[in-house]
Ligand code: PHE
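Before any questions on binding or motion, here is one chain by itself as structure tokens, the form predicted on its own.
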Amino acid sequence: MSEIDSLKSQLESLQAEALAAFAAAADLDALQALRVSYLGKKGALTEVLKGVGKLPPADRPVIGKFVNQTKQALAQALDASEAKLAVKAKAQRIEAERIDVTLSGRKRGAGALHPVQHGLDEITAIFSQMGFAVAEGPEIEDEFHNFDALNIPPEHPARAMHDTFFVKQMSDTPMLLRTHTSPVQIRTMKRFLAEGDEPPLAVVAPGRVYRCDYDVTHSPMFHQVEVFKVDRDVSMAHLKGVLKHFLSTYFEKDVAIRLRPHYFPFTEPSAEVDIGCVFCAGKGCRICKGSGWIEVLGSGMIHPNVLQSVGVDSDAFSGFAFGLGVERLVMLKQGIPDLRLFFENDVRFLSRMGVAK
């Protein structure tokens, strides 16, 4: 067999092989790989054509014509396969992106208020409806407003019980994360008097507070609501009436309450406030430890020293004050066993306990 016949045979075999491969390509990427494999600079056709240079000059035009026919056949086959695969890819994409318009729409989950925030709003709203003005104060406090003005001097043992977070001092005045919302009572009365007003003054002060404690019933950050009223002839009877109305409204039932003598440095007399167990109606259960009562907050008549520290005449005016833990009341109302659940950000808990707005 002559060299020209050998080249023709190689080109025919290459053409037949390439056409079969093009027709069998699974997708456009595979077809592109075949294009490079057969027609690229280092492809199979290029390898065959290296033999053309060995032919006599008179034979080269003959084989050149045959080479052009082979290239044209391969190009036409590539175009046909590419068009076919493009149609196939488009059909696959359409099927993958197909939307069944008869299906129900995909709804975006609605957000909800955190149970603590809802409790804070609910408690504040009850007191607002009773005529108490809402007040706020800074969460980073000085010792005067957090302790001294509330009748808790440096040597007072109650000061050590607050497990205080002190912050880096930027001045000579020690600063701290407030341990209760009672400083708002001091700031509000001072501002009220500085504007030339005098009692009556009734305020509810919600907010975050901080103490170095963490267990089932305590958190380093939690929420309190301070409530106080200053006027002429305010008595323990007024305090008890406000507490009774608030607690019955919050728990949505007629709640029995009792005041037990206690000690707080900023009130005198002072009392712990218990409610009839909301789980067993006072009959005795595991929650109330069989007593039928649950402690919920501390209260009392504002100490004369506290009134005097802000310039209120304690002989002419008196007042009551009490502070409550928001998480504590929400736990009782919702039957939540562990305070830490509020702050662990478990979506399952928050979805179940959150309140839609």
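Residue positions are given as counts along the sequence shown, with the first one as 1. Predicted, not measured: the structure shown is a model, and the values here were computed from it.
FYI, the form predicted together with phenylalanine (PHE) isn't displayed, but the following is about it.
Student: Can you tell me if residue 38 lies within 4.5 angstroms of phenylalanine (PHE) in the predicted complex, counting non-hydrogen atoms only?
Tutor: No, residue 38 sits far enough from phenylalanine (PHE) in the predicted complex that none of its heavy atoms falls within 4.5 Å.
Student: Is there a non-hydrogen atom of residue 226 within 4.5 angstroms of a non-hydrogen atom of phenylalanine (PHE) in the predicted complex?
Tutor: Contact with phenylalanine (PHE), yes.
Student: Answer for residue 211 alone: is it within 4.5 Å of phenylalanine (PHE) in the predicted complex, judged on heavy atom distances?
Tutor: It does: once phenylalanine (PHE) is placed as it appears in the predicted complex, residue 211 has a heavy atom within 4.5 Å of it.
Student: I'd like to know if residue 299 sits close to phenylalanine (PHE) in the predicted complex, meaning any non-hydrogen atom pair within 4.5 angstroms.
Tutor: Residue 299: yes, in contact with phenylalanine (PHE) in the predicted complex.
Student: Can you tell me which of 190-198, 133-141, 261-269, 95-103 lies within 4.5 Å of phenylalanine (PHE) in the predicted complex, counting heavy atoms only?
Tutor: Residues of 261-269 come within 4.5 Å of the partner.
Student: Any residue of 185-210 with a heavy atom within 4.5 Å of phenylalanine (PHE) in the predicted complex counts; write them all down in order.
Tutor: Residue within 4.5 Å: 185, and no other.
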